[in-house]
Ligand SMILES: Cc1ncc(COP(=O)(O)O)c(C=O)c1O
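For reference, the chain that follows is the form predicted alone, supplied as structure tokens.
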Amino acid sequence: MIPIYRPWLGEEEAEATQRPIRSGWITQGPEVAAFEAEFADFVGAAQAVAVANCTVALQLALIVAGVSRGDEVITVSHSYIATANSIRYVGATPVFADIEPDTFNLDPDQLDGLVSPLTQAVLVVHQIGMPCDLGRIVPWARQRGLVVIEDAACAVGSEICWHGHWEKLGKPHGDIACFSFHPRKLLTTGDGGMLTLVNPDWADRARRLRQHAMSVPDTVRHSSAQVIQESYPEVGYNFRLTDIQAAVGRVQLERLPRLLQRRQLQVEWYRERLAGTPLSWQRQPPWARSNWQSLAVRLPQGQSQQDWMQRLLDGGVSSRRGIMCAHREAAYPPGSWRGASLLESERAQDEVILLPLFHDLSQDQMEKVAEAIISCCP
């Protein structure tokens, strides 16, 4: 069976975990600090804050940006449910915009019809690594005094042409970007996340909140020659990344350029090999460079997604359905969200499948996937 994904982990990561284990500092400490600095340098950010996962990164981003109970946040339903959940965690209401049918990202033409006096932020998603249209969304938000938070969970290494220059997502181009290091992502720490921020005050508060809002971090107290008594001026959280995870992340970050190069070649091969099929592909705009975290194809109209996935599975090829829609889940009944028609979001969930794509996917395996797909075509 060819899996949908397998992380690229090796002896280098195993060896890296020995550093914190031997040092005796295994929770958030010097490895986390080094990982933050290296990640910030990689994406071109001024501030980076490591946390336990991307869901809490999104929650912290909304908190430090001042979003709270009674506010509204424009986002997409067509995303993993964590995106919408993070808005609910802070007591705000998600306002769902529909997506562009070819990029699967938030349609900027929807924004004017969704903004209200309660709107405080726009939470955009770079869906499965494809950059959304920040060139239109950010100026629109700036004109209205709204915060822009980027759910870049899948988009580490993706790029956008910004004012004529190619830049990595995470600078950030809005106010805050949030990344995931789940095993399904190109860069993994087992689980984990990162915020990159423009505002240093927001970054400082995020660092405190991730560690119970402690006024003085452990690293400062333990290295001080004087007794330091910490305080807790507000309610915080236990959202820390461990040094063991960060040690793995530092190795993964070094691997990332090779991962990105390999992924691009794999996608090009798939597209060429399957050029004669009736499948359609996620569109990459000329100002975007996806990391191709997942390979998404839309099935011919009228074809059963379930039947395709079963036939692929019978042929030894794993697949996954299109990205979910939060508004279709029982956790989001009518009245818990606001929005307009979400027809394109629903169509994408029902008509798209994700195909196997990972670093050490062999040529023979790719050919097997292609043959299985061709055998399913009408």
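Residues carry their position along the shown sequence, with the first being 1. Remember, predicted model here, so these are calculated numbers, not experimental data.
Beyond the structure shown, there is the form predicted together with the named molecule, which is absent from this document and is the topic of what follows.
Taking the partner from elsewhere, S345 is found to have every heavy atom lying beyond 4.5 Å of the named molecule in the model of the complex. Contact annotation for A153: at least one heavy atom lies within 4.5 Å of the named molecule in the model of the complex. Within this chain, R250 is remote from the site of the named molecule in the model of the complex, having no heavy atom within 4.5 Å. Mapping the unseen interface onto this chain, V64 falls outside it, with no heavy atom inside 4.5 Å of the named molecule in the model of the complex. In short, of 133-141, 269-277, 77-85, 92-100 it is 77-85 that has heavy atoms within 4.5 Å of the named molecule in the model of the complex.
Shown here without its partner, the chain carries N53, L58 and K185, all of which come within 4.5 Å of the named molecule in the model of the complex through at least one heavy atom. Of the residues S290, T189, T196, S180, just one reaches the named molecule in the model of the complex with a heavy atom at 4.5 Å or closer; this is S180.
Residue in contact with the named molecule in the model of the complex (any heavy atom within 4.5 Å), chosen from V73, A246, A296, V125: V125.
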